[in-house]
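So this first bit is one chain, no partners, the form predicted on its own, shown in structure tokens.
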Amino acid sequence: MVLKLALLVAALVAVVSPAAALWPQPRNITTGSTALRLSPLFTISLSSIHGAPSDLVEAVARAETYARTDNLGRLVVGRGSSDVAAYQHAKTLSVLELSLSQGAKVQSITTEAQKPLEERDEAYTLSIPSDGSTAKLTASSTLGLFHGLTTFGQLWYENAGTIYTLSTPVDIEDSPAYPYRGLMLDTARNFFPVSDIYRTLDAMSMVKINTFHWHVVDSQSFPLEVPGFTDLAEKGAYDPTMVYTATDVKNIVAYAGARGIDVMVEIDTPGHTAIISQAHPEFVACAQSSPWSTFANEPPAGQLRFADPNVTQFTTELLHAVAEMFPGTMLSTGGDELNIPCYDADTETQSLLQSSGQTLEEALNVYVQAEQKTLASVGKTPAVWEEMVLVQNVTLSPDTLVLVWISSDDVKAVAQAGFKIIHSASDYFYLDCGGGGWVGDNPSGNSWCDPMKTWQLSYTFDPVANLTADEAKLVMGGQHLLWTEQSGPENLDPIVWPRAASSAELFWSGPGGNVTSALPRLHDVSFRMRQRGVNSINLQPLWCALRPDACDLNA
């Protein structure tokens, strides 16, 4: 009985201890049970890094500020008041020293974050002694140091003016299981101000999400100002104030890069392009055709006439211009939900096919080949939705990244085709599912991907289910996605956070995590997000959050 009680106490301490509240969970971590206070004069030292880049200097300043101002009370009954006896006479930590491994090249966080996926080095080691001596954070890249700073910041709590942790010494050796950990945001169906994107990037960096998949344009609006193609935004944005200027894009890319995040922009083609008809009606088939349900998956109808060589030239020049705005190595050309009846009914397309002697399928292949050649010429790795592999008979370059979205059941077929995979399955990772139907005159309508995908469901996803060992190597990672038919600035944070953090841990720490032990940690990151101005929602009543496991199904 005594042994069982001791084991129970140890388990409870592990669940609620500060070190156990890290998100994503480090892949290798050992902790002690000694309290340590943060000195009021605490500093983070860069003295051993000669020529530290400005974004690392700024990241250090933010980390120091967060440590002092998060003011997060521990999620236990009493919010940490019972910790006073443990920390009141504890040693104090005055310095965290950052260093790069011997021989490491000093590059900016941004430069490291924008490297090709498999060339990024995100590993770090963190050691915090219990005696108040200097803590050490070491990595082979500034990107790794940035992630280590993120982990360090999650260790600390505040009570009655004291900032402390309870679980030193702490020793962490950490690196991601997968190189791609993303969040997709659709800013075409509804517009999001730059400030909302900044805040989202801040939240992403808190949980080590490293790719912002920006679905910036679609059939409903074209809010992206592209040099040389400014008529698209002038005529396709909802309003002149609802445009991402070239300067906005530059600032967003810089803001993201400084937080360890690459930006993968998506210009979805040839479908989802009805809005281009506002500037170039001659390029778009079935524009505004009715009933829209015959010619598109959602209103308004309209797709690029890809059989027209002029459209192909327009598209490749547009992609080239967009590629110059985004310094990262990935760019998505979409390719989903192509509506064939639209082209069957389009007189111009049928005339073009007849004169060229091509089938629609052959014309599409020529168009896609031109897109991919353009991206290769500017050093971009193409990304496409799964239909480009599983539905359309087109030739893709072998380095193409394929986003599997229709169903997780489709992953195996994409892997068998030999393409690298980004998990984006609607049955696990779509944040808009369960919001009810949004199409008018349809009182009994539901969202097509009902029910809501909870954080627990996405957390239990297995990225390599049914894959062979060789096929599993094709998995680059995955992401949550927010399509915004029913979302805007008003509900952005609550619908994304903290649910999107579940895939952040899944693809950093690897699959197999336990939802019971994860929940207290996810409460913690959600509360910390709110302390930093992100309106992350409650996952349970506060009574449950303060009592780990008490609200489990069979508790």
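Residues carry their position along the shown sequence, with the first being 1. Please read all numbers here as calculations on a predicted model, not as lab measurements.
What follows is about the form predicted in complex with another copy of the chain, which we do not show.
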property: Contact stretch among 313-321, 234-242, 383-391, 93-101 - heavy atom within 4.5 Å of another copy of the chain in the predicted complex; result: 234-242
property: Full three-residue contact with another copy of the chain in the predicted complex, heavy atom 4.5 Å, for Arg189, Gln220 and Leu519; result: yes
property: Sole residue of Gly379, Gly228, Gly357, Gly445 within 4.5 Å of another copy of the chain in the predicted complex, by heavy atom; result: Gly445
property: The single option of Gly161, Pro398, Pro281, Pro291 touching another copy of the chain in the predicted complex, heavy atom within 4.5 Å; result: Pro291
property: Contact of Trp438 with another copy of the chain in the predicted complex (heavy atom, 4.5 Å); result: yes
property: Contact test in the predicted complex: Glu118 vs another copy of the chain, heavy atoms, 4.5 Å; result: no
property: Contact of Val515 with another copy of the chain in the predicted complex (heavy atom, 4.5 Å); result: yes
property: Interface membership of Pro494, another copy of the chain in the predicted complex, 4.5 Å heavy atom rule; result: yes
property: Residues in 483-500 close to another copy of the chain in the predicted complex, defined by a heavy atom within 4.5 Å, in order; result: Glu485, Gln486, Ser487, Gly488, Glu490, Asn491, Pro494
